[in-house]
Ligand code: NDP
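In the block that follows, a single chain appears as structure tokens, in the form predicted alone.
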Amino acid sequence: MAFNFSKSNLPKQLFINNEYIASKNSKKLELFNPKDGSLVANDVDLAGAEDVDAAVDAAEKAFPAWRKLPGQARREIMLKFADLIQKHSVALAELSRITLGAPIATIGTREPAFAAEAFRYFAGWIDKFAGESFPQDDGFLKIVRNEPLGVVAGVIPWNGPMATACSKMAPALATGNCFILKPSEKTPFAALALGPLIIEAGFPPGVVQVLSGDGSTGALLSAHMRIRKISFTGSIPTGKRIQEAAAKSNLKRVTLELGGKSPAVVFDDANLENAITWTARALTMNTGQICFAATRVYVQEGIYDKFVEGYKKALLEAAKTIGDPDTQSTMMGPLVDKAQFERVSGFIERGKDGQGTLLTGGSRVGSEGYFIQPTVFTNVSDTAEILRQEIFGPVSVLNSFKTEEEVIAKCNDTNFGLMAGVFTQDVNRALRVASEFDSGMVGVNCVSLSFRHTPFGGTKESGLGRENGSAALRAYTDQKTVMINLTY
């Protein structure tokens, strides 16, 4: 099966057992281009209960042989898959961007390259994720093995479809599991297009499968009695429903990455230009549609006025680059769809109605598509909706503070805990504040970034468990203790 997908030849069928098949479900997904609202497709398969069962059946049949496949052979398959993703990165990026609206200049082939690197990184772990052994001084040799779970599933969001998919797939496959991928109903095409690459790389039938669908498909996966784990990235309400369904079904393992309202704290001694660059980029990257975007910015009183001036200027410059995501000069594209545009616009309008002072932005750009200006509110109260809720768009609040103790309390006064940033040239203060943040990740003189080899995830309602690095491998395995009696 040759890879020949493009914007004029979209993949629309389910990929089950190394074949494209039509869904047994009569419902279809409808998708639009966010730059102009035009229809992209209204006939994309939506996986129902029979389709999910078929994928699970195929995965269960494939699992015994896949888990026993020698590590070197599994590694070679994963590395070849990474090379194929890289080879077709331009087409895969286009398939994501057509309904995501991400600019070619900022995303382009970067996201597929990031996805390919996930497979290379975790392929390298295959012969290094060792178990443990304990001395037999008590007459028993104890061996601890890392065992795959079996059939696992990943439900991914629309804001980084390729990168998120491979961040879940790669560690699951490296540890010997079979994987079912459910892409977002807003950006399914790149995931569905992986079928020929899965076959060409050498994955046996049933090891990797892709089910396009909406929340109903995700619910079926979450409640399925023969799926042993589900990894989800998305909203808190959906994450709670997935955890509930997992508990009520077979008590399947759950990893949840559920977003944030990340603070960035800028002290008087910070390098002002550096702080402005990082916080402005954190708000405009992917049009603010990033879970760890720095959307609460706290600046100490001594440099507050200078920061406001520079931050506003940086965002006004960014606003000049809003436009057609297919144009190289565009750095900010549209929001993903009409629903997201209306959600973000609603937050902005309510923010204007007494929640804070509008510093910049706050308006739609153009008359078609879902473009919106980078928007900042100042003097926002601690109880305001725009400060407490995740907006998932280019909207931030900018407040001043006096003392370290005060700002730490403000930063931690939230049900989120994904990312935080501290900007200062005092290393003692940086480490002190970093330790005080109730957050899964902290940047010092940087914010809103992650690394493949370090754990990614949050505290409180920002999620459960960690992705990336060796933490991801542990999330897809069970530990088995073998006790050998040496004295019988």
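All residue numbers are counted from 1 along the displayed sequence. Owing to the predicted nature of the structure, the values given are computational and were not obtained by experimental measurement.
From this point on, the text means the form predicted together with this ligand, which you will not see here.
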Is there any non-hydrogen atom of residue 241 lying within 4.5 Å of this ligand in the model of the complex? yes
Find out whether any non-hydrogen atom of residue 284 is located within 4.5 angstroms of this ligand in the model of the complex, and reply yes or no. no
Given that this ligand is not shown alongside this chain, does residue 155 nevertheless sit within 4.5 Å of it in the model of the complex, heavy atom to heavy atom? yes
Even though this ligand is not shown here, does residue 66 get within 4.5 Å of it in the model of the complex, heavy atoms only? no
Only hit among 99, 177, 184, 255 for heavy atom within 4.5 Å of this ligand in the model of the complex is 184
Contact residue in the model of the complex, from 362, 215, 205, 310 (heavy atom within 4.5 Å of this ligand): 215
Sort through 193-201, 158-166, 110-118, 130-138 and report the only stretch with a non-hydrogen atom within 4.5 Å of this ligand in the model of the complex. 158-166
Contacts with this ligand in the model of the complex - residues in 203-240 whose heavy atoms fall within 4.5 Å: 213, 214, 215, 218, 219, 222, 232, 233, 234, 235, 238
